[in-house]
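Just one chain follows, in the form predicted alone, and it is written as structure tokens.
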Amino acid sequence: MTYKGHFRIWRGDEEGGSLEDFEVEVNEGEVVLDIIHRLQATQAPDLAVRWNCKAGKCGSCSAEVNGRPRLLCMTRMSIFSADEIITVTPMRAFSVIKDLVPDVSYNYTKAREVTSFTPPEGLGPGEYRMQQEDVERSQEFRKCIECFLCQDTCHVVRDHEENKSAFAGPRFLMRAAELEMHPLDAADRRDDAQDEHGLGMCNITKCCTEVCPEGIKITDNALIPMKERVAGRRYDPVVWLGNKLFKRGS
């Protein structure tokens, strides 16, 4: 079925902008990114959008469709009715470069703040040995395509720009949790997660999990276990007493 769809697209840059209305052809089997490309080809050649693979694996085409963070290439037009107005805006948690292209450099800054994998001393390449159970736990987190939809929907930074300096966001708290759970990582990441990356600011609403296109259970399998490890280190009375008696970390 082919019909004329009504789209409302945000146009502008960091100085400001507005929503503009377009009528554009929609064909059966298409996704929102197809429509954006048709708009570029027929009506708005200067419309800016970031994309690469069009297969849901590069994480480039993140935006908000009718207010929900989504990948444009994985949002099928068939989920909307033919008479529905479809609004496409850039991710709200980040400043805009142009049109649908956000400035996601905040995320790369936070990525650099997470200490990289730290193997035990004396263990060389090719000598790493892990249980399959630990491999599988780590593999879930490594499915992340860094679309930053979880970062965008997290209200800690979405509604509070002032929190960005102190809060790494769910994607990079998940990275810290992945390394903390890694049986061959020698670094203790609990204090950094709490004090440097803002783990305590997360109130586990699970909105990050809900928008993850890879289905990673960010809250249940990364953030909550990391919070438990921090609480065990800092507030468990037995650990506290042991630290006092033996003058050492847990």
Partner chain sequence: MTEVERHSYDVLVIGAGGAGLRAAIEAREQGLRTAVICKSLFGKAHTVMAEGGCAAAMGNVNAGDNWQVHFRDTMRGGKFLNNWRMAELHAKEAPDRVWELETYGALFDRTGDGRISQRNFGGHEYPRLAHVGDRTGLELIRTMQQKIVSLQQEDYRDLGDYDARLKVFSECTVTQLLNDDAGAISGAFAYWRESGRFVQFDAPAVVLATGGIGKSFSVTSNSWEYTGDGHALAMRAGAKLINMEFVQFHPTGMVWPPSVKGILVTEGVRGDGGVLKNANGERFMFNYIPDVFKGYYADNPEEADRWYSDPNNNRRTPDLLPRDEVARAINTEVKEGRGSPHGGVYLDIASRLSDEEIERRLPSMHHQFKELADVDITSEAMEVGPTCHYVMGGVEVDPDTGAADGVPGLFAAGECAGGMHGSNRLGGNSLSDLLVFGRRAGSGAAGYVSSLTERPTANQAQVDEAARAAVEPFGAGETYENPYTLQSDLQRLMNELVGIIRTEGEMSEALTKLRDLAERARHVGIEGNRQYNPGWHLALDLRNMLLVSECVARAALRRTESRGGHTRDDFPKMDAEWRHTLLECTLDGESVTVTPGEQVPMRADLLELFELTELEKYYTEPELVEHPARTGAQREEGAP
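Numbering follows the first chain given and starts at 1. This structure is a prediction, so every number in the text was calculated from the model and none was measured.
In what follows, reference is made to the form predicted in complex with its partner chain, a form of this protein that is not presented.
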{"item": "Close approach of M130 to its partner chain in the predicted complex, 4.5 Å, heavy atom", "value": "yes"}
{"item": "In the predicted complex, P213 touching its partner chain (heavy atom, 4.5 Å)", "value": "yes"}
{"item": "Distance check, D13 to its partner chain in the predicted complex, heavy atom within 4.5 Å", "value": "yes"}
{"item": "is_contact(T87, its partner chain) in the predicted complex, heavy atom dist at most 4.5 Å", "value": "no"}
{"item": "Listed residue (Q194, S60, T209, N221) with a non-hydrogen atom within 4.5 angstroms of its partner chain in the predicted complex", "value": "S60"}
{"item": "Whether F22, G67 and K217 all lie within 4.5 angstroms of its partner chain in the predicted complex by heavy atom", "value": "no"}
{"item": "Residues of stretch 43-72 in contact with its partner chain in the predicted complex (4.5 Å, non-hydrogen atom)", "value": "P45, D46, L47, A48, V49, R50, W51, N52, C53, K54, A55, K57, C58, G59, S60"}
